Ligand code: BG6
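One chain is shown next in structure tokens, namely the form predicted alone.
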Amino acid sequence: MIKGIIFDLDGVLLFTDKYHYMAWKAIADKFNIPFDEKVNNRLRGVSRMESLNIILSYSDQKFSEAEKEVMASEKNELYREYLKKMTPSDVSDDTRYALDKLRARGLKLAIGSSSKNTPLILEKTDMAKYFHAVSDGNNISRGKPDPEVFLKAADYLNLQPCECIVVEDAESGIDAGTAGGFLTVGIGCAAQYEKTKRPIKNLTELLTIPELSE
């Protein structure tokens, strides 16, 4: 019996892709590294340092770990400045409707995101009130496709993985959910992924999947 739902944040509940893109492009341009939407798509669902390593793989230059740390920090500062401009209107009415209905059914809701900026995003968009627990980049040591972030979210909800659904938009997130023993729901790009158990087009469709139907 499903008692909880764990949502990835970016790409599922709201979209900050444009801010990530702008911040990473600023870093790439600084070092004359080619960066476009195709490269950006490879960054979905992976950690900041993993994303940086992907970007740097397109460069002939070699960077020390210390230099990489500086670049990652600079990117995050740029990104956070963009996030500070977010408002509740950045979350769609459909998303808020789905979350309200799921809570009304007695389901426990949690965030399972690799982002260390999750608290800031939830604050700026007035989303924190929907969730019973938050597991994010501030409390994990391994990024997706490792299931750690989802396993901790389930633990915070006092539920077993088999009692929870994971909702993801990235293949790495679906891999993480599968590895952790969760039922996976894919939205966006992940809806087409072969490992996704329940594909949906928008969050309101969560209300009609067999495991959550009234």
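The model shown is predicted, which means the values in this text are computed figures rather than measured ones. In case it trips you up, residue 1 is the first one in the sequence shown, and so on. Here, rigid core means the biggest group of C-alpha atoms that superpose within 1.5 Å across both forms.
Below, we refer to the form predicted together with the ligand, which is not included among the displayed structures.
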Here the chain appears without its partner; judged in the predicted bound form, the stretch of 62-70, 47-55, 177-185, 146-154 with heavy atoms within 4.5 Å of the ligand is 47-55
The ligand contact at residue 125 in the predicted bound form, heavy atom, 4.5 Å: no
When the contact criterion is heavy atoms within 4.5 Å, does residue 43 count as touching the ligand in the predicted bound form? yes
Examine residue 198 and determine whether its closest non-hydrogen atom to the ligand in the predicted bound form is within 4.5 angstroms. no
Verify the contact flag for residue 139: yes if a non-hydrogen atom of it lies within 4.5 Å of a non-hydrogen atom of the ligand in the predicted bound form, no if not. no
Sort through 116, 103, 132, 96 and report the residue having a heavy atom within 4.5 Å of the ligand in the predicted bound form. 116
Check each residue of 79-112 against the ligand in the predicted bound form and list those with a heavy atom within 4.5 Å, in sequence order. 79
Please state whether residue 156 has a C-alpha shift of 2 Å or more between the shown form and the other one, with the rigid core used for the fit. no
